[in-house]
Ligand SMILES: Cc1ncc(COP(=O)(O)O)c(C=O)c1O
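Only one chain is given next, in structure tokens, and it is the form predicted on its own.
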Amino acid sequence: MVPSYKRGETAPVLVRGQGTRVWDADGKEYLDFGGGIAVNCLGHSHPALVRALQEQSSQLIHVSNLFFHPKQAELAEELVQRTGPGKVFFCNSGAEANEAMVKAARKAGAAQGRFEVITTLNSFHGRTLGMIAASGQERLREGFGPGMPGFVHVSYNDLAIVEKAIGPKTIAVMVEGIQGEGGVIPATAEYLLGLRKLTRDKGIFLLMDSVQCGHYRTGCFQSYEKILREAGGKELFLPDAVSMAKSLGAGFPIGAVWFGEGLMDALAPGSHGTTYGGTALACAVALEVLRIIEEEKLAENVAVRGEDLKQGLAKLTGRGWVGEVRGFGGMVGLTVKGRPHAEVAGQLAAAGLLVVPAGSDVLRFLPPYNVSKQEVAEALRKVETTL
């Protein structure tokens, strides 16, 4: 294996999962609040998802995008209905989805010589050469220069500095509703509404990277809906494009971009494509994920369980290494004080709880949407045990 992941000698070898739990090769049981990094929104081996995989794989797995298949159209319609009037492009990952958003914006601005995209410091948009250039973290670009030009990085949650950065070459602003890899930092409602008005006034596009924070992770379909619902103004906000992946397939690789009316026809034939994007199997799985979330009322469940988790962690604030708590629903961050956060994550794993480090000092709690009140309480006990 290429040593591109820092697993550590004590990292468990996971061999089986069921619901919110996984087991390693030695038979040890873990409560999985890492969720494959915000991917396993239904936990492990959900029976309805297993059936959907089996049934679709016996009918049709893959055909070229030179042809139609019904599942792709059905999934596109579901995503459009949940977002707004527009069209959908399917791919395989979050980085690909973000690349497609940027390419569409650049294509739309080419005639005017506009190609620059403003992104934010501390952001993460993927690990392709294009998306490490877009991401506002210098460490991602070390050793991979020269970097792709055309990206300007500014402070997050600072509307005035975005306005100052917009110039004659600017075509779009791309932000995360909640910075995930950066440390679970939500955008403010004022910032999002301000960005929408500013980009419209300037005649440029607003691109939302919802790969990690979207698809009901916060209890709403998109994190910006959650942020604006609590502050008001939800009905005033619709981006020009939204990227999706991770929870979209609940573990099966699939990415997508919803494009609004200003960008939905920018990628004409020959301008962009993907061999595996939107396969029959991937789309069947994603459709089943949406059905399960709706029928089992999992958006409502994860919203409530997330508050249980936040309140429980908040009670430990100030004790030992436990710092600030932030986030929503199934995306909760906890800052770590006085100790390396990766070390604390290892201690939690030893106690039987899997979480994911983020930023320089944050632990991410990313439980599945069907997590129970009892499982949240169990996770909190394990956190307290490590203190």
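Heads up: residue numbers just count along the shown sequence, starting at 1. This one's a predicted model, so the numbers in the text were calculated from it and none came from an experiment.
Form predicted together with the ligand: not shown, discussed below.
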- Message: Looking at heavy atoms inside 4.5 Å, which stretch does the ligand contact in the predicted complex, given the options 263-271, 121-129, 157-165, 183-191?
- Response: 121-129
- Query: Out of 306, 94, 277, 249, which one falls within 4.5 Å of the ligand in the predicted complex, going by heavy atoms?
  - Reply: 94
- in the predicted complex, does each residue in the set 83, 225 and 242 place a non-hydrogen atom within 4.5 angstroms of the ligand? no
- Interface membership of residue 176, the ligand in the predicted complex, 4.5 Å heavy atom rule: yes
- Message: Within 4.5 Å, heavy atoms only: does residue 218 come near the ligand in the predicted complex?
- Response: no
- Message: Is residue 134 part of the interface with the ligand in the predicted complex - any heavy atom within 4.5 Å?
- Response: no
- Message: in the predicted complex, is there a heavy atom of the ligand that lies within 4.5 Å of any heavy atom of residue 212, even though the partner is absent here?
- Response: yes
